[in-house]
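Next up is one chain by itself, shown in C-alpha cells, the form predicted alone.
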Amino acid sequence: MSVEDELLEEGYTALVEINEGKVEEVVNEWIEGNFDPVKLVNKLAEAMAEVGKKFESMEYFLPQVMIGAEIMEKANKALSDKMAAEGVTSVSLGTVVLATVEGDIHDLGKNLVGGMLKTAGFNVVDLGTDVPASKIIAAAKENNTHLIAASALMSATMSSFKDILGLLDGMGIRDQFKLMIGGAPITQEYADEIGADYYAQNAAEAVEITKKAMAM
C-alpha cells in the first residue's frame, strides 16, 4: 500500500473513531507530502457519513457526532487553505438555507445538521435561531436555492413551519421551494399534516434528503 493510501485509511479510521489528534496528524502529513487535498477531503467525508450511520443505529450518541463534525470542520479548513494556496476551488453540491424557526432559540440540532451538510459538500446559509418566516424565504431567494431546512425543538414553536408554508403560498411561490423540517417534537405524520416536503429524523437523514432534493 502506498503512503498516500495508508494516510487515507488512517484518516478515515481516526475520524470514525473520533480521534482528533490522529486526524490532525494525518492532515499535517498529507499537506507535508503535497498530496491532492481533494482526495483526503472526500475520504473524511466518507468517514463522517459512517459516523452518521453509527448515530442512526444508536452506536454513537449526539456528543460524539458533534465532536466528529468539529474535527471534520478543522480538517476541511486546513485542506481548503491548502487548495486555495494551489488555486484549486472546491465545488459545492448546492446551497441550503438553514434556520431555527421564530420563537425558538435552540440550535444544537440545527448546528449538527449544518455541520453534516457542510461536510457532505453543501454550502450552508445558517441564519441562526429565532428566525421569522419572511427572513428565511428572503434568504432562500437571495441565495438562489430551492431548499429550506428548518428546525424547532419546542412544540410551542412548531406552528412556525406553517408560517413559512403559508407565506410561500401567499407569495405564489410555493412551487419554487422545498421545505425540510426536523426537531425533537416533529414527526413524519406532522410533516405530512402541514404539507412539508421532507421530514428528517436526524442529521444523517437530513444529508441524504438534501442529496435527493438537490438532484431534483
Partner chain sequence: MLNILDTFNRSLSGKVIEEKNFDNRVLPQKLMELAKEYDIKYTGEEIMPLDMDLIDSVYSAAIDLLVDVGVYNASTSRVIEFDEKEIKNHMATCAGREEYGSGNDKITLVKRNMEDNSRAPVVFGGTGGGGMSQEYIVKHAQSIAQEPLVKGIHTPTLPYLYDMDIKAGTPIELMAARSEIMWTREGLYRAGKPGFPIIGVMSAVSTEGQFFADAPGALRPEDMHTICFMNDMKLDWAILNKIANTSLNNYKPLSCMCPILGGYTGGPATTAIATVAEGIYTYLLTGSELYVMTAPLNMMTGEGSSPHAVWSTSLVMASLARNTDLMTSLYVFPSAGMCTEMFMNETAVLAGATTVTGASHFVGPCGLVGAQTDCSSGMDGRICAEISMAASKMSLEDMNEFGLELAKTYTEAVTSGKAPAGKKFYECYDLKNVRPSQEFEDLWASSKAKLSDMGFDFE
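Think of the rigid core as the biggest set of C-alphas that the two forms share within 1.5 Å after superposition. Residue numbers count along the first chain shown, from 1. Not measured: the values here are computed from a predicted model.
There is another form of the same protein, the form predicted in complex with the partner chain; it is not shown, and what comes next is about it.
Peer 1: Hey, in the predicted complex, is Glu20 touching the partner chain, heavy atoms inside 4.5 Å?
Peer 2: Answer yes; at least one heavy atom of Glu20 falls within 4.5 Å of the partner chain in the predicted complex.
Peer 1: Is Gly166 a contact residue for the partner chain in the predicted complex, using a 4.5 Å heavy atom cut-off?
Peer 2: Gly166 lies outside the contact set for the partner chain.
Peer 1: Residue-level contact is defined here as any heavy atom of the residue lying within 4.5 Å of the partner chain in the predicted complex; does Gly172 satisfy this criterion?
Peer 2: Flag for Gly172 set to no.
Peer 1: Might Asn28 be said to contact the partner chain in the predicted complex, defining contact as any heavy atom within 4.5 Å?
Peer 2: Heavy-atom contact with the partner chain at 4.5 Å: absent for Asn28.
Peer 1: In the predicted complex, which of the stretches 107 to 115, 92 to 100, 138 to 146, 75 to 83 has residues with heavy atoms within 4.5 Å of the partner chain?
Peer 2: Going through the listed ranges, the match is 107 to 115.
Peer 1: For a quick test of understanding: in the predicted complex, does each of Leu62, Ile67 and Ser159 have a heavy atom within 4.5 Å of the partner chain?
Peer 2: Yes, the whole trio is in contact, each within 4.5 Å by some heavy atom.
Peer 1: Sequence order please: the residues of 177 to 194 with a heavy atom within 4.5 Å of the partner chain in the predicted complex.
Peer 2: Result: Ala184, Pro185, Thr187.
Peer 1: After superposing the rigid core, is the C-alpha displacement of Asn19 2 Å or more between this form and the one not shown?
Peer 2: Yes, the C-alpha position differs by at least 2 Å between this form and the one not shown.
Peer 1: With both forms fitted on the core, give yes or no for whether the Cα of Asp175 moves by 2 angstroms or more between this form and the one not shown.
Peer 2: Result for Asp175: no, shift under 2 Å.
Peer 1: So, does Phe161 move by 2 Å or more at the CA between this form and the one not shown, with the core held fixed?
Peer 2: No, the C-alpha position differs by under 2 Å between this form and the one not shown.
Peer 1: Any idea whether Asp192 and Gly52 get closer or farther by CA distance in the predicted complex, knowing it moves 3 angstroms or more?
Peer 2: Farther apart, by at least 3 Å.
Peer 1: Which is it in the predicted complex for the CA atoms of Glu73 and Asn143, closer or farther than here, knowing they shift by 3 Å or more?
Peer 2: Compared with the shown chain, Glu73-Asn143 is closer in the predicted complex.
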